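Just one chain follows, in the form predicted on its own, and it is written as structure tokens.
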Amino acid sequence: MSLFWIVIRELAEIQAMATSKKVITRVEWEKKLNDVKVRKDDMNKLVMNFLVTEGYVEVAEKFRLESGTEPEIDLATITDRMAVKKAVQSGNVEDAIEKVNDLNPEILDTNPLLFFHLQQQRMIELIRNGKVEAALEFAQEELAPRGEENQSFLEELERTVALLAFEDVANCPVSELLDISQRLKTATEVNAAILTSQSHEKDPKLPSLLKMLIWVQNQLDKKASYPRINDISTAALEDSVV
């Protein structure tokens, strides 16, 4: 059981009570926390899951040696996955595509949306580098045929081509396509696809658990006053103002 489940149980108990808020003292709350038994192995697996998913290969290897926690996938594959992600983030999309195919050709063969987004990013990089003619040719040969097959692809292609209609692309209506955030978005999509192909969750479990904790605390706030965690980074309990 974890703090999350303590709050869930407390919420269930309080829902049947009167509308006035129940006051849970720090002593009572800390006793509930102390009664919780969390296995160290489970905590270690949660940490390893985060390190593997986020690509911290060196830290994951050190943690494996120190804790004895085995990762769900071969740590060597993390290096390859991070190389793909880094290539996209640096704008070298063609190299990223080659690396993905080296890892597993089926990733792009079975994910047309991902492949389109990578090709779209290639065109964006050509525009960024001022290679207008090359960008137009690439759009006509590689992207336009895919746009004809899929309406959503066509709409995204039209937005990308719109960059060519403005001399000052930094201030045009679709300038966000040239932001670094667009590279990061594409890189994240590729990273998730590789993880999925390796039968691994595309998102780490830890952030999801923290989001659930925040949501459950917000629900419990409606029914009770109790020492809550306001700063996730410290996890310190703070007394609520009654």
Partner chain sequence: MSDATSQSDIPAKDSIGDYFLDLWCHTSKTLALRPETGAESELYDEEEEEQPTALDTLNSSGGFSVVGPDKLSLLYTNVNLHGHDVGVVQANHPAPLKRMLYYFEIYVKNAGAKGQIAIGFTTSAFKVRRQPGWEANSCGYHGDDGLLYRGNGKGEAFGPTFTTGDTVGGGINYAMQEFFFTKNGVLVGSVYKDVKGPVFPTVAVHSQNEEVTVNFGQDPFVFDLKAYEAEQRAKQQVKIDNISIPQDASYGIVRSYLQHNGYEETLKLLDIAAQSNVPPISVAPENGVSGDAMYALSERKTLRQLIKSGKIDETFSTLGKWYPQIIEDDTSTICFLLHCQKFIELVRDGKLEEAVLYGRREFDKFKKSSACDDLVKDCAALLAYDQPSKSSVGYLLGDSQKELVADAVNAIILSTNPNVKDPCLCKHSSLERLIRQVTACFLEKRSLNGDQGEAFRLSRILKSSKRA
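Residue numbers count along the first chain shown, from 1. Computed from a predicted structure; not experimentally measured.
Separately, the form predicted in complex with the partner chain exists; it is not shown, and the next lines address it.
- In the model of the complex, the partner chain sits within 4.5 Å of a heavy atom of Gly68.
- In the model of the complex, the partner chain stays beyond 4.5 Å of every heavy atom belonging to Ser175.
- Heavy atoms of Val52 never reach within 4.5 Å of the partner chain in the model of the complex, leaving it off the interface.
- A residue is said to contact a partner when one of its heavy atoms sits within 4.5 Å of a partner heavy atom; Lys185 fails this definition for the partner chain in the model of the complex, lying far away.
- Taking a 4.5 Å heavy atom cutoff to the partner chain in the model of the complex, the contacting residues in 44-60 are Asn44, Lys45, Leu46, Val47, Phe50, Leu51, Tyr56, Glu58, Val59.
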